[in-house]
Each structure stands twice: as C-alpha cells, then as structure tokens.
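In structure tokens, one chain follows: the form predicted on its own.
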C-alpha cells in the first residue's frame, strides 16, 4: 500500500513512519493545509494513496476554548476535507479521535456504542470530525484513543519527568481516570486495521486504567529519579476546559475484529522508561 500520513511530524505520525513497511507520503502543515479542501484534493491527486491516516489535530485542549474557529477548522473541517477527498479516490481513511467525545461520567469503560456527550470545545470539534468522516467516507475507520505518549513531541510523561529532574515537589490529579496509551502500540493496530475492510468506530488504548497520579508515580518509580509526588484534586488545578473525570475506553471492536493485542498500560510505559534510561533521558529515535 501507499499511505498518506497527515500530521506526520507529531508523536503518532512519526511513529507511523518508523513502523510502516509500506510506501509512505509524509505530510504536515507545510505540505498540506487540511482545512482547505483544494489543498487536500491536490496532494491526494498528486500522490494517489491507497490509505490515509489522519494524525493532524488541534490538541491544545484549553486553547480550543477561546480559539474555537481554528479548532473547528482543523478537527472538524480538516476531517471532512480528508473524508471527501478519500472517497473521491477510493482510498481508505483512518481518522484519529479521542476519549473527550464522552462526558466523563459513570464508572464503566465506554464502548463504541455508547452515545458521545462532549463537555469541551475540543471534544465537540473532534466529535463533529467523526460525524463528517462517517458521512462522507464509508471506507473509513474512526479510532478513539486517550492519554497518548510517544518518543517525539511533548506529552504528560515527558513533562513530569522533566519536572522531577528539577527536584521540585510534584502534585498530580488523582480524581481523573483513564487509559495511558503508547504511540508504539497504537501504531501497530492502525497499520493492521488499514490493511483490512473492517470499517467502523474503534477504541484503541492500552489495557487497564489508572489516575494521572497513579500513572506518574508508576513511571517515575521506574525512572530511577529522586522525586516527591502527592495526589491532588481537579479543583486544586482549575483549567479553562473541563476534563473527563472518567474516560476509560473498552477496545470491544478490536477484540471482535482484528484482535486486541494492546499491552497493559504498565508494560507499555515500562518499555518507554527503559528506553529513557538507556538513552540517558533522550527519547528521539
């Protein structure tokens, strides 16, 4: 297959390029403006991909609250434009979505059939993007993931590790629960999915759930760093955008189609920290 990857310089796009054995067309904002339909049509006509994996997104959750037009343009219109162009050239499309499409209530992992109810601008724009993909591209996969971390770019794991290096005491929220997800493991399943005809909505996270505090305490303990960490509540760290209190996802569709081979979150982050220790705190591959 020939694969077009949008958002190719992000942590997921970079990991896809590292793992893919197919021909790759890597495109970021310099190569294609997904908010412009003509720009999307142009690169797809030029490259003629068999599959498209859309990793491009406006992911600054708090900034989305005030920069609504830009968030909608990337997360919703960008998805629509890719769906239209993919359908026109009969390419498969994987669109990456998020646990933020749910409201964070309840205590049972969300399945693909559960009704979304976003509570933030980010969540609304990502849900609208999902709806556009379903409307305009029947040969599509919508893949919701959560708490993603990879080897390039910024993420929660790197932020906490860097803070711990400074020797400052850390406070991390303990009343938000979800599924930490390795970009390495997610990528394996995306590449497997796009080689099939098993179209639909998927949840794809590492298995098991924890709070942000439990997650941080786990990987800090593996890092060998000296650190002090204590739990706190969401109310102690008010943010512009509402975070889901409970956003655990269940990989039901994976189990019933291509198989759920996502590792436990503990095993995945242990490998990540092993690489961190081996490379003396440097993640770039």
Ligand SMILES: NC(=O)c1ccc[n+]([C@@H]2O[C@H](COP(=O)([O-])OP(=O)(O)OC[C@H]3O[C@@H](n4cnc5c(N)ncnc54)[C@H](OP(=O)(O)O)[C@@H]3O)[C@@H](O)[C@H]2O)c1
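Just so we're clear, the structure is a prediction, and the values are computed from it rather than from any experiment. Positions refer to the first chain, counted from 1.
Missing here is the form predicted together with the ligand; even so, the following discussion is about that form.
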Look up in the predicted complex whether residue 141 has a non-hydrogen atom within 4.5 angstroms of the ligand, and give yes or no.
-> no
So in the predicted complex, does any heavy atom of residue 147 sit within 4.5 Å of the ligand?
-> yes
Residue 81 within 4.5 Å of the ligand in the predicted complex, heavy atoms | no
Counting only non-hydrogen atoms and a 4.5 angstroms cut-off, does residue 215 reach the ligand in the predicted complex?
-> no
Note: exactly one of 64, 55, 220, 254 sits with a heavy atom within 4.5 Å of the ligand in the predicted complex, namely 55
Proximity to the ligand in the predicted complex, single hit among 91, 96, 76, 172 (heavy atom within 4.5 Å) = 96
Given that the partner is absent here, state which listed stretch (162-170, 195-203, 120-128, 101-109) has heavy atoms within 4.5 Å of the ligand in the predicted complex.
-> 120-128
Restricting to 29-62, the residues within 4.5 Å of the ligand in the predicted complex through any heavy atom are 29, 32, 33, 34, 35, 55, 56, 57, 59
